[in-house]
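Single chain ahead, by itself, as structure tokens, in the form predicted alone.
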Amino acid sequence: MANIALDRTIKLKAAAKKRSRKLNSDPIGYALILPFYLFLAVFVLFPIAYNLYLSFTNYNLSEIKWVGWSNYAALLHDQFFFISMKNTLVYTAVTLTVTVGLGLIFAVLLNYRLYGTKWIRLSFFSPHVTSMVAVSMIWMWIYEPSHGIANSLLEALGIAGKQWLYDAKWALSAVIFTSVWKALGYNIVIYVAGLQSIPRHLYEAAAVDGAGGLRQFFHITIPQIKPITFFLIVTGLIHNFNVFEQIMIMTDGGPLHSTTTLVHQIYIRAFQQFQIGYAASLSMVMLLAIGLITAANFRFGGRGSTNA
């Protein structure tokens, strides 16, 4: 036993000495990455830890009272929490599926060197660099029931106009369409860059073997751009889960709470009702949901990405 303890002590000392040598071997390198870790600690980790603390309190901007798990228990009886969670999941699933799917299709079409392709790519990408506030205002004008372009086109086709942002059946769909219009160009540009990085000899070899365009697409293009698809899904998932600006500007969560989302509920609880602790618990639930879905993506969706 004494020998085992002595061996363990020697190994621990050797490991500590090795770590010390490693730290001393390149102090300039560690000094260069220090600002990043300071930024991460101050602006990410500390706010998360403080938000977690607030979620166990009843903070109303004047006093803090420890309430334990009460805020989380209250979530189970909050109908607006479940409505917002459902709307957020629907918004995320539809927006992500459409932007990734259409992004790939348009990228394949725009990857051909045809006249005007650059201008078409630019027109698709322009909404992405436009402020969401400006985009929301433009689409509110398009969706305007009396003189909007959307209803004018429908009436020209003999179809009755819709109360797009004022009808609970259409409001969320209208917001989703706006978000797809804004985000589609980004996915197209990323996919085009990925398509142009695929070695041409793979397609040439497949053509020699008699593979048609469709088989080349499914057996060469799709596997080769799998890491890009995985990247777009993970980043798009996080981005769409945080949807707020277009909801706030276009519908303010209505009509009849048909478009309220988790972030919108957090805003209402924190800055309109001053229930900071309850809003913090909503934030932690959203963080947990995003973390679990992202982890599942890495666990199941990332398989084979590094080998593609």
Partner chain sequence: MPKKPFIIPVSLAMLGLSVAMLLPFFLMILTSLKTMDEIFAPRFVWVPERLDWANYAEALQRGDWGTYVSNTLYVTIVTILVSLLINSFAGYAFAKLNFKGRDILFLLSLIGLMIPPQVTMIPVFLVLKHIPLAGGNDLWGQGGLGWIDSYNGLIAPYVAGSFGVFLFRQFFLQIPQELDDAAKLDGMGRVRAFFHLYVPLSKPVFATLVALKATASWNEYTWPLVITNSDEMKTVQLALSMFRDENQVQWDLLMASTTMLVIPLLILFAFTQKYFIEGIVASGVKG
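Numbering follows the first chain given and starts at 1. The term rigid core refers to the most C-alpha atoms you can superpose between the two forms while keeping them within 1.5 Å. Not measured: the values here are computed from a predicted model.
Missing here is the form predicted together with its partner chain; even so, the following discussion is about that form.
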| item | value |
| --- | --- |
| Position in contact with its partner chain when the complex is considered in the predicted bound form, options L104, L110, L172, I83, heavy atoms within 4.5 Å | L110 |
| Close approach of Y91 to its partner chain in the predicted bound form, 4.5 Å, heavy atom | no |
| Its partner chain contact at F218 in the predicted bound form, heavy atom, 4.5 Å | no |
| Its partner chain contact at I228 in the predicted bound form, heavy atom, 4.5 Å | yes |
| Close approach of F43 to its partner chain in the predicted bound form, 4.5 Å, heavy atom | yes |
| Full three-residue contact with its partner chain in the predicted bound form, heavy atom 4.5 Å, for H147, A279 and M286 | yes |
| Partner contacts for 47-83, taking its partner chain in the predicted bound form and a 4.5 Å heavy atom cut-off | P47, I48, Y50, N51, L54, Y59, L61 |
| Cα displacement of W66 between the shown form and the other one reaching 2 Å, rigid core superposed | no |
| Rigid core superposition, L256 Cα moves 2 angstroms or more between the shown form and the other one | no |
